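One chain is shown next in structure tokens, namely the form predicted on its own.
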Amino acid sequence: MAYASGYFKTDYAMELRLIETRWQKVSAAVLVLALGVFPLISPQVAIGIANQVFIAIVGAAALMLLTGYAGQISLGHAGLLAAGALTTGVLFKELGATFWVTLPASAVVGGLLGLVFGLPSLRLKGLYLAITTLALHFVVAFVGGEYETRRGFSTGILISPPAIGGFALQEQQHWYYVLLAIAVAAMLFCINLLRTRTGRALMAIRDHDIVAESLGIPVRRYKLLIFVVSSTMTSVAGCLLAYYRGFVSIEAFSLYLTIDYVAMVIIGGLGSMLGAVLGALFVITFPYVIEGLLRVLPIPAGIANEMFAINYAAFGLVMILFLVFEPLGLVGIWRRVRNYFLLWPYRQTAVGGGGG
């Protein structure tokens, strides 16, 4: 990747580096330090929000792989999160399974669902594929609702905190470091996957699958593979969400949750893993920002009580504004800001463009 400052890669070894320049090394060190110190100086509310962001990053990165890089539309994300959470709840409640059993079991269930519901992607595209993946949500919701009703868990399945290395995760600070490590691992996995032959094949399929197939890329195999990988990651995020909340209820995995994750990849910026992170951060913190504004601004109590409606109305407005005025999302804004400081005090002009 060439930067606005004139930095170019000149050999394959440079292409494989995750951290390329001295400035990036310094920035990464500062970021690691800030993330490490954050739970030590922040209130519990802020740590709880950060934990939600880390879980959302895993799910958003999975959807970004599928939609942003492979071009496969999916509206079944909430169903996959529910599948991972329900698998965790059922295994814990019925068999007393530990974290080290429920986590891989959730991943396997997610992979199988991705395999089954990824098969239509071999023949369907666009809206037809989206409707097919939407069926996944209703299937999982029906199965989960039937289980909760028949077993008498109408208020949800309670789950005890997981134990990792004999240490129970009960405090927000403890969860923070574990979820941070998992989010970083998920991002590194996605970034490295995209740097392989598989990642290049997925982007070729996204741009034009017929041309990709004419070049010898096994399009059907890669479409099915990315559905399985994305579904596996999403179910793992559902497992983590179940443990973090301490209970599982199918009502928590509505279509609104799918909309949230679609918004993460759109607002963050399609086709960018940084966009998945920024989108998750924006969507998770947005309701808290709106709630804070309602407390500060002189708004009638009757309106302030309609918090849910106000959140989604404002959320919909923000999505429209991004689609109309900033289709590249938060990543596009970040790149312009970065290039401004890299080029300062000079102005950035188009290649071959005039001065001014």
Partner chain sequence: MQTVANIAVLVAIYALIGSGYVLIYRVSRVLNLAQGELMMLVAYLLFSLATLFGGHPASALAGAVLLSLLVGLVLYVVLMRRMTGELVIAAVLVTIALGILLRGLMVLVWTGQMARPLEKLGWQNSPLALGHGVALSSVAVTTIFVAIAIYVGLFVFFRYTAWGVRMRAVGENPLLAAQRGIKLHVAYAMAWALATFSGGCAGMLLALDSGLDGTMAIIGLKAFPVVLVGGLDSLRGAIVGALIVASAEVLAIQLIDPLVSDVVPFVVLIAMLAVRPWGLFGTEEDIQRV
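As the structure is a computational prediction, the values presented were derived from the model and not from experiment. Numbering follows the first chain given and starts at 1.
Heads up, the form predicted in complex with its partner chain isn't pictured, but that's what we're talking about next.
With its partner chain left out of view, the stretch that reaches within 4.5 Å of it through heavy atoms in the predicted bound form is, among 272 to 280, 128 to 136, 83 to 91, 97 to 105, 128 to 136. Interface membership of L180, defined by any non-hydrogen atom within 4.5 Å of its partner chain in the predicted bound form, is ruled out. Contact check for L224: no non-hydrogen atom falls within 4.5 Å of its partner chain in the predicted bound form. In the predicted bound form, its partner chain lies within 4.5 Å of some heavy atom of F142.
The closest non-hydrogen atom of L317 lies within 4.5 Å of its partner chain in the predicted bound form.
Though its partner chain is absent from this view, in the predicted bound form it lies within 4.5 Å of a heavy atom of just one residue from L255, L115, A168, V184, which is L255. This chain is displayed alone, yet in the predicted bound form one of I310, V53, L330, L35 has a heavy atom within 4.5 Å of its partner chain; that residue is I310. Shown without its partner, the chain has R206, D207, H208, D209 in segment 191 to 209 as residues with a non-hydrogen atom within 4.5 angstroms of its partner chain in the predicted bound form.
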